[in-house]
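Quick setup: one chain, the form predicted on its own, written in structure tokens, and binding and motion questions come after.
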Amino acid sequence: MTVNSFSFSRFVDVTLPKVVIAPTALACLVGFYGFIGWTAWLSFTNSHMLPHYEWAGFVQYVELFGNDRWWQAMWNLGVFGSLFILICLALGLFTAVLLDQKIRAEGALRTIYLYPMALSFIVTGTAWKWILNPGLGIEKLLHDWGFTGATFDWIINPHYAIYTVVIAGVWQSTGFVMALFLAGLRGIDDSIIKAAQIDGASLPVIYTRIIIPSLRPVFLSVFMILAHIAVKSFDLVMALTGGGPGFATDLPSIFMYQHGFTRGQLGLGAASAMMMLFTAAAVVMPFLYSELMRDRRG
């Protein structure tokens, strides 16, 4: 092999991949981490309609923590996020276990379950807004069937409106969770299950003692995806309830958007955005740390 051919081969093997990846890496650094840094700096300024870069300390965070609407939005996120994640996990795993029994028309059922995920959150929110509207949807249908005393006005009831967001979010995301769990179930070695059956283990015992514990990585992935969806559920809430009635379904993402872009409080919106980032990190980092420690011990 000549020196020139050796040099070219080395360039292809070592340098060329770096050259190809460099634009994407640069775009991520600027478009993602760069704007996170810019938002963090704005949260320490007195920016209003336009950004100002003079350091102002923790003024925006003090104002944020003293804002009752912010704490209402955080409470709503806690209620919505916990119920949304738990119900999606339970229903997704249950439907995946059912489909794992090699039932007939499995392909059609998978398509039906996955179809809502193909819709945007705007479409989902608008559709469920019609379904839950007392004058158009479920309540009117019950009245038409003769149940004149039936009421289902959650979407206009400030005490129950947040649960309508949970219903719409679960309806859209459960099929995706089912697909992830089903892929995990199909990846488990059949010989383990057959050995357990030979030892006399029943099907419920096999799933609870062997199969489901083997899905720990899938659980972690699903949890992080659902937590990400819950934190950024802006379009779903805006299409479904608009954050109302009052602030009953207000979320931090709505708070950030309205204060940062429609009320001319850019610094306060940046502070709320950073708190959303810290909240997501506080939820996700312990799970990532536990997985890393588990891998090291393994």
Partner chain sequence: MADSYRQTTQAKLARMGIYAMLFLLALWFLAPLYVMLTTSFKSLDDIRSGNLLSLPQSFSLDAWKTAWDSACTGVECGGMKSYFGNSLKMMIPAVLISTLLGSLNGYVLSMWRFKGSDAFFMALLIGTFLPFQVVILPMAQVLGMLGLENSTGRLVLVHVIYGLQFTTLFFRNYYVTVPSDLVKAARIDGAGFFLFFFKILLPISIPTIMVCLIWQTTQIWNDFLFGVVFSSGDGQPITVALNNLVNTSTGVKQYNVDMAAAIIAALPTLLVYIVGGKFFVRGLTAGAVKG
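As the structure is a computational prediction, the values presented were derived from the model and not from experiment. Numbering follows the first chain given and starts at 1.
Below: the form predicted in complex with its partner chain, not depicted.
By the criterion of a heavy atom within 4.5 Å, residue 17 is counted among the residues contacting its partner chain in the predicted complex. Though the partner is left out of this view, residue 33 does reach within 4.5 Å of its partner chain in the predicted complex, counting heavy atoms only. Taking the partner from elsewhere, residue 235 is found to have a heavy atom lying within 4.5 Å of its partner chain in the predicted complex. In the predicted complex, its partner chain sits within 4.5 Å of a heavy atom belonging to residue 253. Contact with its partner chain in the predicted complex, defined as any heavy atom within 4.5 Å, is confined among 187 to 195, 171 to 179, 78 to 86, 204 to 212 to 171 to 179. Distance criterion of 4.5 Å from any heavy atom to its partner chain in the predicted complex singles out 114 from the list 114, 156, 90, 150. In sequence order, 110, 111, 112, 113, 114, 115, 116, 117, 118, 119, 120, 122, 123, 126, 127, 128, 129, 130, 131, 133, 136, 137, 138, 140, 141, 144, 145 are the residues of 110 to 147 having a heavy atom within 4.5 Å of its partner chain in the predicted complex; the partner itself is omitted from this view.
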